[in-house]
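What follows is a single chain, given as structure tokens, in the form predicted alone.
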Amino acid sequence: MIRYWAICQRDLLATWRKKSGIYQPLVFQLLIVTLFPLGLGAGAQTLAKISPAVVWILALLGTLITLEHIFKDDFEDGSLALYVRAGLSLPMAIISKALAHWITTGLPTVLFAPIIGILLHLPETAYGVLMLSLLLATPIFSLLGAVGSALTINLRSGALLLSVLVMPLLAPVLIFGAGAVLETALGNSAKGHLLLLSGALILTITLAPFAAAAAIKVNME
């Protein structure tokens, strides 16, 4: 386990040194959210109605722009080949890298979401469910993003293809998450949506590392 934690630490340090991987998705979300009032010319009531969907879409898009580099740098410098030759469990190494991606991208997105909600006049009663739903969903983004990144590591410009591959898998997560926030904003229970997100998280943790490991092995042959 120490070796896998070292992989996670290595990615965390690399991201912290660059810092762009941390603030770029947040700045992207902030820039986009400021365009909604300008483009719609709408008041607080209209923005409040669309805010659950907008917050979730921004969280998803902010994550998508960072997925390409989960494995690409390690593939190019030969680190992935070393993981295999050293006898490391590739699925465990993938979980370590997905964890590092979540800490540097997903967790800041969860903490930043209330600010986006305030700008979009999201009802105060929905902030707790918003953060909880994103806390369940952002690891799914990272794990499924790892699968997409593994499938496109040998492509020079695979970002667009990665998004095309991953978006159909993330669409149900977006529906459940935005639905949970919307139901809470309307005064209803979001328990069903949160349970579906929890089930999706468990399923993704179980299957995604093995799918990504298989994709990496195919690309390394």
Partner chain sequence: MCKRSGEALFAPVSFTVKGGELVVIAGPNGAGKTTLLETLAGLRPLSSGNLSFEANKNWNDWLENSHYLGHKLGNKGILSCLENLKFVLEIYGHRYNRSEGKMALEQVGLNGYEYQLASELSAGQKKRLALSRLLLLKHSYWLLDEPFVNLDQMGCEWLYQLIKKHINQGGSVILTAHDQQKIHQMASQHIILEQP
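Residue numbers count along the first chain shown, from 1. Please read all numbers here as calculations on a predicted model, not as lab measurements.
Note that the form predicted together with its partner chain isn't included here; everything after this is about it.
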Is E124 close enough to touch its partner chain in the predicted complex, meaning at least one heavy atom pair within 4.5 Å? no
Report whether the minimum heavy atom distance between I103 and its partner chain in the predicted complex is within 4.5 Å. no
So, in the predicted complex, is F112 in contact with its partner chain at a 4.5 angstroms heavy atom limit? no
With the partner left out here, check for me: in the predicted complex, does some heavy atom of I22 sit within 4.5 Å of its partner chain? no
At 4.5 angstroms, heavy atoms only, are L47, K49 and E183 all close to its partner chain in the predicted complex? no
At 4.5 Å between heavy atoms, only one of the stretches 114 to 122, 130 to 138, 73 to 81, 144 to 152 reaches its partner chain in the predicted complex; which one is it? 73 to 81
At a 4.5 angstroms cut-off on non-hydrogen atoms, which residues of 83 to 97 are near its partner chain in the predicted complex? List them in order. Y83, V84, R85, A86, G87, L88
